[in-house]
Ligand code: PCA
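Below you will find one chain, with nothing else, as structure tokens; this is the form predicted alone, and questions on how it binds or moves follow later.
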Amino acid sequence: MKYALIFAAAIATATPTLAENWDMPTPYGDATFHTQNITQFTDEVREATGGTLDITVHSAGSLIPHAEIKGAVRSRQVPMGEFFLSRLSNEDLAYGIDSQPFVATSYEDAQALWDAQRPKVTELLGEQGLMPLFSVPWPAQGLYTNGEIKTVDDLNGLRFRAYNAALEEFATLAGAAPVQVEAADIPQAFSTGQVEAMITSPSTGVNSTAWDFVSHYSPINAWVPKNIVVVNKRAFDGLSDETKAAVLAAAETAQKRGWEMSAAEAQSKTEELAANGIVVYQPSAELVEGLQGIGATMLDNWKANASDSALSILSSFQN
């Protein structure tokens, strides 16, 4: 019996740690800097863990559609995933403060807003068994149209691409007709006349070859929205302490790198839009005034419906 126990212990010691193979859905294509940053994150996790955690990225909604990624992580259909944070505004407006027009319009403001937002988002996601790993912003959102938009009235009647509730409200207040269209479907939506204008980042504009279907772009810097990468808490807790530490370290690096990539994108992709024939113009004072008026109305509406958590984020950011 003594020798049998020694033999069993030796076998257990010699058995290598079984590798974890995780699938990670993301909504955006491989050319998008968010996806590139995530791919680098997964490479760093794989290297740091000696391959004991191998994460396969499934980009462009190829595994799970964008709208279903958060639910798939929560139900443990997949252990982790990325999605656009303000898509969850229908659950709690705390998730969507970064998509409120003209609340935070620079990277400095966006960082301060995330510092205020992260504890509440972490708490809310934690109630659903999810844990945020890192969040990375898009460049500030600009306006894409056919022809220059001089005042808000010029948007009246246009079919306007929307990707969340805040942009639907924005389009409606501008007199436009909001139409839900995912990033991957933008070219087809314009070519078929489903939409005629959009507010999105210069990154998405380049990735969708916006010069094929619009003529003008104005960097109105309306807001700086974020993507977030989350992991199922039970899946994360099942990892070894060493692997957990490796994931968290890689996540911290990915967040820092992602913000730097976003800032670089803001300039380079705007230049690329111009190089491909899009007229890049600064918004008129009249347009800015009209857009800020819409933003003020939206923020009043947001405050009237916001949870205590959401209101505390805004208060912390503004103070």
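In this text, residue numbers run from 1 along the sequence as written. Note that the structure is a prediction, hence the values are computed from the model and not measured.
The same protein also exists as the form predicted together with the named molecule; that form is not shown, yet it is the one meant from here on.
> Mark Asn221 yes when one of its heavy atoms lies within 4.5 Å of a heavy atom of the named molecule in the model of the complex, and no otherwise.
Answer no; every heavy atom of Asn221 is more than 4.5 Å from the named molecule in the model of the complex.
> With the partner left out of view, is Tyr28 within 4.5 angstroms of the named molecule in the model of the complex by any non-hydrogen atom?
Tyr28 belongs to the contact set for the named molecule.
> Quick one: does Gln117 come within 4.5 Å of the named molecule in the model of the complex, counting heavy atoms only?
Gln117 lies outside the contact set for the named molecule.
> Does at least one non-hydrogen atom of Phe170 fall within 4.5 angstroms of the named molecule in the model of the complex?
Although the named molecule is absent here, Phe170 would stay clear of it in the model of the complex, with no heavy atoms inside 4.5 Å.
> Of the options Ala183, Leu124, Ala246, Val136, which one has a non-hydrogen atom that comes within 4.5 Å of the named molecule in the model of the complex?
It is Ala183 that has a heavy atom within 4.5 Å of the partner.
> So, Phe84, Gln141 and Arg161: all three within 4.5 Å of the named molecule in the model of the complex by heavy atoms, or not?
Contact check passed for all of Phe84, Gln141 and Arg161.
> Just one of 68-76, 187-195, 200-208, 107-115 has heavy atoms within 4.5 Å of the named molecule in the model of the complex; which?
One stretch meets the cut-off, namely 200-208.
> If we check the named molecule in the model of the complex, which of the residues in 207-235 reach within 4.5 angstroms of it by a non-hydrogen atom?
If the 4.5 Å heavy-atom criterion is applied to the named molecule in the model of the complex, 207-235 yields only Pro225.
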